[in-house]
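Okay, so here's just one chain, in structure tokens, the form predicted alone.
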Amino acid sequence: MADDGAITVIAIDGPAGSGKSTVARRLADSLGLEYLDTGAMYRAVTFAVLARGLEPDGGEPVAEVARDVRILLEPDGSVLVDGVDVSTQIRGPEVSRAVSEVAANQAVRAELVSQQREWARRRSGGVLEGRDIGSVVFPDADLKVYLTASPEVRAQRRAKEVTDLDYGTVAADMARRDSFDSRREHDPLRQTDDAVTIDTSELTIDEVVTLLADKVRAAR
């Protein structure tokens, strides 16, 4: 069980375009749990860093932003930074190209991991998705899931979401971020040995959600 056994945590990790955001959101609805997109938190901090004119690899000044900025993730998916809706901006190319450097900052990660654990504690659990939920944030999660897909499928999915960029640009950006995130010193993207691994390349969202919901219910 996650943490002290009093809360239910489903950890969903994987690279961009694997379907983890959509799957996590629908799984949370299916199970009556709340959902947290931890990647949006890192993007929100990155947006705040850039808005302040700081370099994304700026060390302690970047960490100070993470500690000071007010991030609110609404149930409808909206993301507010210091009271301003930045839902569109945090998915744009400028933030996308800088977020890996911000997320590599150990002090930033420590702050956001603390916030993510507190979020789950206050809600007696939830479905959390990101790149280090099962490996770092909740290593004792009730269910760990690692979603993946072929690079081509992942790039096609992301290109549909980011309409101002073509497939080639999206594919190159994703490959660069995958390499950066898997090799970073602190909390790299990795698949834990006890995670349920699902390749979503040939599966529908409903098929993945049903499979995971059945696993959770069987374990209860």
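Residue indices: 1-based, along the sequence shown. For clarity, every value in this text was computed on a predicted model and none was experimentally measured.
Heads up, the form predicted together with a small molecule isn't pictured, but that's what we're talking about next.
Of the residues A141, V145, A120, A103, just one reaches the small molecule in the predicted bound form with a heavy atom at 4.5 Å or closer; this is A103. Residue R184 is the only one of R157, R184, R67, R190 with a heavy atom lying within 4.5 Å of the small molecule in the predicted bound form. The closest heavy atom approach of V99 to the small molecule in the predicted bound form falls within 4.5 Å. Although the partner is absent here, D132 is a contact residue: one of its heavy atoms lies within 4.5 angstroms of the small molecule in the predicted bound form. Taking non-hydrogen atoms only, G39 approaches the small molecule to within 4.5 angstroms in the predicted bound form.
Contact between R26 and the small molecule in the predicted bound form is not found at the 4.5 Å heavy atom cutoff.
Comment: 31-39 is the region of 31-39, 190-198, 58-66, 148-156 lying near the small molecule in the predicted bound form, near meaning a non-hydrogen atom within 4.5 Å.
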